[in-house]
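Take a look at this one chain, the form predicted alone, written out in structure tokens.
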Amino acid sequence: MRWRVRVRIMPRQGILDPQGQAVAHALGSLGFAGVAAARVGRTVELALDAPAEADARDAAKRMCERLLANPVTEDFVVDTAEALA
């Protein structure tokens, strides 16, 4: 069975996020005064062949640990896993 798995990768709390700081500053300059901070990460969407959802999620987790996320500076979460037709 094929699964679409989405992984959210974000800078770890306490790690400098210059892109997030730039976004927060730019939003303030555009008149969005209520933005106290912003963090910028990325989403990776994978199409995986696996027998079950748990296996697809586990494979995505292993991919993040080995390649997709930097374990020193980033955290990741497997957000969704949905079956593809």
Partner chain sequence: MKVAVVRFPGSNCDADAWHAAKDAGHAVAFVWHRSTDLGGADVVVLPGGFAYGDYLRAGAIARFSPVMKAVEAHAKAGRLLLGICNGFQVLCEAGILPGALARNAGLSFVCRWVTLRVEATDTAFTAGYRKGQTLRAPVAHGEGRYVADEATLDRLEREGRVVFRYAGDNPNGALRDIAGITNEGRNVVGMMPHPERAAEALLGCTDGAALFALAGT
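Residue numbers count along the first chain shown, from 1. All of these numbers come straight from a predicted model, not from anything done at the bench.
Below: the form predicted in complex with the partner chain, not depicted.
Heavy atom to heavy atom, is D75 within 4.5 Å of the partner chain in the model of the complex?
Residue-level check for D75: no, no contact with the partner chain.
Whether A24 contacts the partner chain in the model of the complex should be assessed with a 4.5 Å heavy atom distance threshold; does it?
Heavy-atom contact with the partner chain at 4.5 Å: absent for A24.
Taking heavy atoms only, is L68 within 4.5 angstroms of the partner chain in the model of the complex?
It does: once the partner chain is placed as it appears in the model of the complex, L68 has a heavy atom within 4.5 Å of it.
Taking the partner chain as it sits in the model of the complex, is R39 near enough to touch it, meaning that at least one heavy atom pair lies within 4.5 angstroms?
Judged by the heavy-atom cut-off of 4.5 Å, R39 is well away from the partner chain in the model of the complex.
Within 16 to 48, which residues come within 4.5 Å of the partner chain in the model of the complex, counting heavy atoms only?
L16, P18, Q19, A22, R42, in sequence order.
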